[in-house]
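Listed next as structure tokens is one chain, alone, in the form predicted on its own.
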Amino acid sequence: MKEIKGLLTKDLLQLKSYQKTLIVFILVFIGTAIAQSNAKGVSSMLIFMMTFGLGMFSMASFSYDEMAKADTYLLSMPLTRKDMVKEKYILSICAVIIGAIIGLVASLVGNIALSYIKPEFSGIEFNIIETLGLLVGSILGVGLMQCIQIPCVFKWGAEKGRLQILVIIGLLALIIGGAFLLIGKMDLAISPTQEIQNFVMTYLPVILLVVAVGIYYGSYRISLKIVKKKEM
């Protein structure tokens, strides 16, 4: 575990140079969100953009390592390739969760500010269930992007991997969009029973957690396989 802590410290010190950019990023999106025409717009934009921003912010550590050719140096220490891969996933997951928490806090502050700037929204109640839904959805969405991005970066590098990432995400978007379009055209008359709906709503957080763990674990195994075969 000391090895992981050391690698995390290294990456956090490298990313420290981005702190001013990150603060500006947060302030810009808080201002943009408050300019939205409704309270729901404030919550959805802030939660997603903070989660996305911190999640992508953590990916900059790959660029630093690539420029410094850090992998070769790190492997000369008592570190394994498994430690290096594991640390990147821990950093990425923590960044997404922290971003979601910042987004939630910013959302609460943004809604309060909106009630003063636009008095017509002062009577709107903060919907905690809807907000938590946005929170979970943002974490899963950004997490899925990371699970695609990290193996690509390990395979092709931080610079070359960007094109492959865009191609893969584009293909996934086409497949998912095509599937929804096909289902819509089929006009299925089958609807879930009330019991099924209640079951899904009751256990949805657990289902989403299992899905997220499965996706991250699958991505981790792919990355580990790539790194073990990679010459450094």
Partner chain sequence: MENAIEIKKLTKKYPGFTLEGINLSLPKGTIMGFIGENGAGKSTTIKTMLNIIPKNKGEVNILGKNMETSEKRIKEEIGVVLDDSFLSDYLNLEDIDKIMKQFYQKWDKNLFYTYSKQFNLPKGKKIKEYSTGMKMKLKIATALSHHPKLLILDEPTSGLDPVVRNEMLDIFRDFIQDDEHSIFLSSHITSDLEHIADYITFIHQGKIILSKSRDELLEQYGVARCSQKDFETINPSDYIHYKKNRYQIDILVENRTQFKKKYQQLCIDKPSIEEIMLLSIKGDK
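Not measured: the values here are computed from a predicted model. Numbering follows the first chain given and starts at 1.
The form predicted together with the partner chain exists for this protein as well; it is not shown, and the discussion that follows is about that form.
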Given a 4.5 Å cut-off on heavy atoms, tell me which of 131 to 139, 147 to 155, 91 to 99, 78 to 86 is the interface stretch with the partner chain in the predicted complex. 78 to 86
Option touching the partner chain, based on a heavy atom within 4.5 Å in the predicted complex, out of Ala70, Ile26, Leu54, Met45: Ala70
Residue-level contact is defined here as any heavy atom of the residue lying within 4.5 Å of the partner chain in the predicted complex; does Lys16 satisfy this criterion? yes
How about Leu74 - does it come within 4.5 Å of the partner chain in the predicted complex, if we only consider non-hydrogen atoms? yes
Taking heavy atoms and a 4.5 Å cut-off, does Thr21 contact the partner chain in the predicted complex? no
Within 2 to 24, the residues having any heavy atom within 4.5 Å of the partner chain in the predicted complex are Lys2, Glu3, Lys5, Gly6, Leu7, Thr9, Lys10, Leu13, Gln14, Lys16, Ser17
